[in-house]
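Here's a solo chain for you in structure tokens, the form predicted on its own.
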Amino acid sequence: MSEAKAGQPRIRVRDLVKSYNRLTVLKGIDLDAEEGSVVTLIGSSGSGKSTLLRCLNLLEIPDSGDIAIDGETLHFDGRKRAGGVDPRQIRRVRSSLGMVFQNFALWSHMTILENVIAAPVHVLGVPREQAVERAHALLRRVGIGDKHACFPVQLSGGQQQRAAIARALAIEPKALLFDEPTSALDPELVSEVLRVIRDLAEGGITMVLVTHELRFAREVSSRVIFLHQGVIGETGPPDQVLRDPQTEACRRFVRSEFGTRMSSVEE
């Protein structure tokens, strides 16, 4: 991975706005993710968490605001087509951020190995032999090295999500974006995916993570951001936001996730 420019966070977002028709989902979001940090987004359904991730990866084009990846700034102006951003910049950003979706998003007609090498070979132009060698190493890293010849349908949900993580890593991203990576999993499979994410965090990979797994967020996060109705309702170190929320909206959310006893977040 390339190094972030001196003094620049790996990801910087300023005054980001995104609307769908008359509904404004993001209302001026600011976010910094320093190199090697884990920024976790929490909040109720509809608060804008997934939309923010999709804007970071330019799967959705913001109406206005700035997104800087590794010091390269994209300025969005809703008065211009596609926000006024050069399509080449959009392609560069998409190829530098690995995205892991809640529903795995693996190609069902490809083997796991073919899924992992697709973007490096066909988008980035990596020689196939080199891409295959790296793919095998990544599949071993996430604990499914023996599943390379399987098709997604032959794997459990946890194994499919680990394959999706390997695919995201295969492009050697500047940062990883996780959108509720365990929400589609049976409870007994959640821990195996969280274990992989924890290992990646300990390895120093920059991440922006959307999750309802608040105990896990407290363990791995550098910073937690509580989104509420399209704005940042609270932000700070995980112990502060999850143990001692300063706003009533955040307190209600944490209680709803942990039950009525706030002390359960400390277990």
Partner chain sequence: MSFNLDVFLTPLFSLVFMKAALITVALAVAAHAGAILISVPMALGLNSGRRLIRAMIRVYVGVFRAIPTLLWMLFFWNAMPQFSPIFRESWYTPFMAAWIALVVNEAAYQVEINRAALNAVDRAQIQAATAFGFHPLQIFRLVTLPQAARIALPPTVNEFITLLKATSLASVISLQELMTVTNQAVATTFQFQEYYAVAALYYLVIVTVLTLFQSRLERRFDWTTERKAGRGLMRLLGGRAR
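Keep in mind that what you see is a predicted model, and the values were worked out from it rather than measured. Residue numbers count along the first chain shown, from 1.
One more form of this protein should be noted, the form predicted in complex with its partner chain, which is absent from this view; the next part is about it.
Using a 4.5 Å heavy atom cut-off, which stretch among 93 to 101, 137 to 145, 70 to 78, 181 to 189 contacts its partner chain in the model of the complex? Partner-contacting stretch among the options: 93 to 101.
Taking 4.5 Å between heavy atoms as the contact cutoff, choose which of 168, 85, 131, 194 touches its partner chain in the model of the complex. Checking each option against its partner chain in the model of the complex, the one that comes within 4.5 Å is 168.
In the model of the complex, does every one of 107, 122 and 151 come within 4.5 Å of its partner chain, counting any heavy atom? Looking in the model of the complex, the three residues 107, 122 and 151 all sit within 4.5 Å of its partner chain (heavy atoms).
Residue-level question: is residue 117 within 4.5 Å of its partner chain in the model of the complex, judged on heavy atoms? Yes, residue 117 sits close enough to its partner chain in the model of the complex that at least one of its heavy atoms falls within 4.5 Å.
Does the 4.5 Å heavy atom contact test between residue 111 and its partner chain in the model of the complex come out positive? Taking the distances in the model of the complex, the answer for residue 111 is yes, it comes within 4.5 Å of its partner chain.
Using a 4.5 Å heavy atom cut-off, state whether residue 218 contacts its partner chain in the model of the complex. Although its partner chain is absent here, residue 218 would stay clear of it in the model of the complex, with no heavy atoms inside 4.5 Å.
In the model of the complex, is there a heavy atom of its partner chain that lies within 4.5 Å of any heavy atom of residue 231, even though the partner is absent here? Although its partner chain is absent here, residue 231 would stay clear of it in the model of the complex, with no heavy atoms inside 4.5 Å.
Between 25 to 60 and its partner chain in the model of the complex, list the residues on our side with a heavy atom within 4.5 Å. Counting only heavy atoms within 4.5 Å of its partner chain in the model of the complex, the contacting residues of 25 to 60 are 54, 57, 59.
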